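The chain below stands alone and is given in structure tokens; this is the form predicted alone.
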Amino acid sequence: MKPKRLREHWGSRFGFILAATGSAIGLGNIWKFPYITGEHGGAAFVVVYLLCIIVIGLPVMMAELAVGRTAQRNPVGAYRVLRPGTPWFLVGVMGVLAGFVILSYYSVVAGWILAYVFKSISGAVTGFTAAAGGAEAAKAHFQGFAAHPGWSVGWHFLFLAVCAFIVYRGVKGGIEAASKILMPILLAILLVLVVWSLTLPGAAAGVKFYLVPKITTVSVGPLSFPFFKGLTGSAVLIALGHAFFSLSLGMGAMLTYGSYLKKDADLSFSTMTIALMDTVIALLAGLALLPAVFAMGLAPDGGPGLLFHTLPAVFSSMPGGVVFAVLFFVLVAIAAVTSGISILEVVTAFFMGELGWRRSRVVPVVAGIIFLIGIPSALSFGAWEGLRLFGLSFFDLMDYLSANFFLPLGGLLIALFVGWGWGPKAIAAAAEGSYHGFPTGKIWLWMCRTITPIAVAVIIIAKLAGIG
């Protein structure tokens, strides 16, 4: 019989918080949040997003961390330990499958970002002045790059290799050590970009759009109520969904990171700190980008093309644009890596815990499989652009499955597990080791049983209906 290996743990609470925050901070914060805010009215959307973080983000994150810390197992093993002999372990299986799917196409986009770091250093993405075609020329440049099979697949491989190297070195020596270096760099770069953006001529209009909600009056019979002007039901659903996805919930990443916590770790403090840091980073990203977009006289609703189409045109037309382009794409690359390693660690932890493989064996095998799965996604913008499955390109299909199935369903099920499958034991598990007790435990349990599942179910229905 093989001796049981000692489970890895974080070296410090600070290291865990940085790593978990890095997992939550990804492309959704730096890229998606600013453009969906621009598309849906600015400040009013931000307010609704913050409320949604409280309704969905905090309860589900606390649930994942509590399950992981209590069980000290991977996503599949955790449910087997806490509810043996029940089908709940399938929630963990779905999380592991989500890891394969999400990282396979996420690494394609992250690979493009790595490439743009080097392109910005060489000045290749800062020549799109208005005279040179502006955003349309930047768009054509990006489309040509993404369609090239060698470049797209090659950068996809390089990003996975970076993530694999970090995860290969383990929890403390790899993930935690990298997070302690990368996260402060990310924050420092972001603050520099915020200061730069706010000092641009015309930036004040962007700040007002982003931070000052427009209020109108809605009449219901003889009564009148203040309401956010321009805020639609679709915008609320999008804010609800993004609050969930931006915290890296529903795929077992927080559960896995929680399993490396010691039994006396304070979950309530950690959950609040991670959610706060993640939200602050998202807000700062919007403050770094939207005022700059306004300063250039461009529309804030540039959509997904904001990263590769609009911003190169912005950087091209401003003094010091090369320097700030480099800083920006390094910032986004760091966010992509810290999220990528957390997804890879979910799959790695499963093979180590359930099959007994060593980390040194698991990481190359898993990274290799994910690379192969991701090749069709990398080719979806060029050689295999005409390949359609259920009417979608391979890349879009992977994105659809994760956004509409794996992540929301995973979040829904873990909330139901804590609320009903685990029940009152969840409060004791979450309160254990808390430095300040867990006075809100009953409220948390109630939210996991009612409010959070309903909110996530609304997200699923809205996504399947094509809203948001």
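Heads up: residue numbers just count along the shown sequence, starting at 1. Computed from a predicted structure; not experimentally measured.
The next section is about a form of this same protein that is not shown, the form predicted in complex with a small molecule.
Segments offered: 72-80, 269-277, 364-372, 334-342. Contacting the small molecule in the predicted complex at heavy atom distances within 4.5 Å is 334-342. Using a 4.5 angstroms threshold between heavy atoms, Gly28 counts as touching the small molecule in the predicted complex.
At a distance threshold of 4.5 angstroms between non-hydrogen atoms, Phe329 is out of contact with the small molecule in the predicted complex. The closest heavy atom approach of Val347 to the small molecule in the predicted complex falls outside 4.5 Å. In the predicted complex, the small molecule lies farther than 4.5 Å from every heavy atom of Thr452. The single contact residue among Ser152, Ser380, Ser246, Ser179, judged by any heavy atom lying within 4.5 Å of the small molecule in the predicted complex, is Ser246. Of the residues given (Met251, Ile175, Cys163, Ala313), Met251 alone sits with a heavy atom within 4.5 Å of the small molecule in the predicted complex.
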